[in-house]
Structure formats: structure tokens, C-alpha cells
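Shown next as C-alpha cells: one chain only, the form predicted on its own.
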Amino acid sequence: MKALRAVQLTKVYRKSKQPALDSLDLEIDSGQIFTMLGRNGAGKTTFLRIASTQLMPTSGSVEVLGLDAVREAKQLREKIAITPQEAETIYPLTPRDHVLLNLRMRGLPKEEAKRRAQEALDDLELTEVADVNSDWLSGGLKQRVIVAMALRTDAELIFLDEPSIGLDPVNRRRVWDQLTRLKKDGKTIILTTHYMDEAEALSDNLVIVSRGKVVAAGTPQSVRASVTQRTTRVDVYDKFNQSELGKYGHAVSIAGRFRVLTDENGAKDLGDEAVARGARVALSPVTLDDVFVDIVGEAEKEEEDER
């Protein structure tokens, strides 16, 4: 059974001129970590809200764990958990209160809920602040509390919208460890993130979404290989303009320099020309971050050209 299947899923908000989701088709296998990547406003959060029964689609359908997310929403909610991007802690509850209350609301007996709450607090190293008023916590601690609320629910599928936003590198990896543990336990995790290293480290499969449509899909390795002809990244710091760099590959302007994605021959030719001009250059392999910029940029350019 597929963990999720979306068919021609469309969402148009009343005041929007463009669909948030535009006839999106998607299938996700059970027991994996699946990541959605996209710019702000690409439709990732809208998709998660519809699939988790929080929002009605305009048209199309989405089936989660074999249940229709619209017609069988009540039954589905018993099988899923979600950490929404806009979630906040509540005054005057403590981290322990947040996790325990969430588990009790899901129907767990009191003692079982207490045990699982403590495990969740231990998992994310929140024990020292477990009984501190949440308003006194830092933003990173509050985010860990929100994530902890979903970890021990025993839900079959967990939706996580930007789960590690605001976390330092150490605590981001702590969250990664817990998500990997959940996958080993047979759970399915669907997450959104803007951190490309997170997507690369965690994802079994991923999609890149642009303007409500899937523009790339596959494993991190296969998506990165989708621009095989552009295996090398060349950063050019001066002596060139963007238009003349186009003959070497796909060039974009980033933080006072030009970044060119090209093949080995293009990188050699550009490097030789840079040396001849006395320009500073830096070469490195293409990353998933580069692929994301390349694919999204091309997709949005094509859409603008069509208009």
C-alpha cells in the first residue's frame, strides 16, 4: 500500500491569481522519509495541510494510508501526526505539559502517556527544561518541544513542516536521529525543508515543487544526476558579466559573484579564461542546492516564456 497518493490535486485560494497546487500528482511509498523542496509559496505547506485533513482541496483527490483525506478525515486523523510550520508553544504550559497533553488527547492511558512523554523529552534533550514555563524558553527550545509532541504518538505517518527551522546544527542532527529511528520502526515521514543538506542526509525520495507543480522527483542522487551535464560548479568573482558566462553553462548571480553550473570541459575553458583575465574563481562539485536553483530557475523561466 502506498502511504500517500495524490491525483490531479489542485488548490486555488479565493484571492489568488495562481493555484497554490496545480493538478499535482504524487505517490509516496510506506516506510520512508520523503521530502518536499520548493521556494516559499511553492505549495508545500498547502499540500501538507490538505493531506493531513486541515484544508479542503479545490479539486482532485489525495489518499493517505488507504483513506480519502476528505471523505474519511476522522478515521485518518487517528493514524497521523503533524508538526505544522506555524505551531507555537502555549503559555503557561511546560514542555512536559505539551507532550503529555498531546498524547492524552490521542487517547493514550495516563501512565503510558507519561512514559512516552518522558522518552520524547529525553530524545530531544529537553529533560532539564521539562517543567519550565514555555514562554521562558528560547526559540530553538520551543521548536524542539513542537517536534517532541509528534515523536512518540505512534502515528503511522508523520507530517513535519520545516521541523528543524531555527535549530542550531547540533540540535538539527538530534532531530535527524529521531526521524531515522522512526523510519527504522516502520513509520512514514513526509517533511518540508529549506535545508538541502537535511534533504540529502535524510531523504529516501524527494520532489522539487515550483508554483504548485512537481518539476523533479527521485532519490537525492537521481535528482542531482538529472543535471549530469552540469557536474561542476564554478564561482566567478570578477572580470565577467552574466551574459557572457552563459556560453559555459547555467549562470546565476549570488552574493556578489556569478555561479556557473557546467561540465568538466566548460569548467576548464572558463577556468583558463578566468586566469587569462586575472579573475578569481573557485571550482567544486555540483550540490543538491545547486540542482534546486537550476531546476526551479529553469521551470519558472519556462512558465514565464509560456505566458
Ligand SMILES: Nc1ncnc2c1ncn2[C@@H]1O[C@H](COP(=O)(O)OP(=O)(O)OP(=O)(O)O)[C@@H](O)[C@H]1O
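Predicted model, so just to flag it, every value in this text is computed and none were measured. From 1 onward, residues are counted along the sequence shown.
There is also a form predicted in complex with this ligand; it is not shown, and the following applies to it.
- Here is the short version: of S253, S243, N40, N265, the single residue with a heavy atom within 4.5 Å of this ligand in the predicted bound form is N40.
- Here the chain stands by itself, but in the predicted bound form one stretch of 62 to 70, 257 to 265, 243 to 251, 41 to 49, 41 to 49, has heavy atoms within 4.5 Å of this ligand.
- No residue in the set R77, T153 and L191 has a non-hydrogen atom no more than 4.5 Å from this ligand in the predicted bound form.
- This ligand is not shown here, and in the predicted bound form it never comes within 4.5 Å of any heavy atom of L288.
- Interface residue remark: V296 is not counted as part of the site for this ligand in the predicted bound form, having no heavy atom within 4.5 Å.
- In the predicted bound form, E162 approaches this ligand with a heavy atom inside 4.5 Å.
- At the 4.5 Å threshold, heavy atoms of Q85 reach this ligand in the predicted bound form.
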